[in-house]
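Okay, here we've got a single chain as structure tokens, the form predicted on its own, with questions on binding and movement later.
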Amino acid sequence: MDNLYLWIKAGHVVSLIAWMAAMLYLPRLFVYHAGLPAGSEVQSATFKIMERRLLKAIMTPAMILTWIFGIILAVKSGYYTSYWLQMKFLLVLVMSGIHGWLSKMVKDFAADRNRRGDRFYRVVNEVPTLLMILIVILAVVKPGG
């Protein structure tokens, strides 16, 4: 295994950790934001800034880097034909879709269009966790060769 491959793998892991941290934190911000009492304009404005910055400065760049490093690794390793990587790819596509959905929610909160309560976002907060567990299992165990 060449040194460049290991650096790409490290970049993939680091960007993945940043992406997942943001994917887990953003719905938690929504829980607190949705639970604000009426008339909490100052707190709401603070949450809007936090949500936008998390999405734009961390979550989206980390997702892009995760994809770039991951595709390079799949090609360099030759695993792209493996069942486990194809299933992982499918789950990462779902995760990316959830990323897009969370991005829409940031826009809804920014425009004061949120109509969901904090309980909804508590459930949403668990979805990236479940996907992450399945993705890690596929990457580490490599079922089906």
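Note that residue numbering follows the sequence shown and begins at 1. Just so it is clear, the structure is predicted and the values come from calculations on it, not from any experiment.
Keep in mind that the form predicted in complex with protoporphyrin IX containing FE is not shown, yet the notes after this line are about it.
Within 4.5 Å of protoporphyrin IX containing FE in the model of the complex, a heavy atom is found for every one of Y5, G70 and V92. Note on contacts: among V123, V14, V136, L130, the single residue with a heavy atom within 4.5 Å of protoporphyrin IX containing FE in the model of the complex is V136.
Figure note: of the listed segments 29 to 37, 44 to 52, 104 to 112, 82 to 90, the one touching protoporphyrin IX containing FE in the model of the complex, with heavy atoms no more than 4.5 Å away, is 82 to 90. Not displayed here, protoporphyrin IX containing FE is approached by M20 to within 4.5 Å at the level of heavy atoms in the model of the complex.
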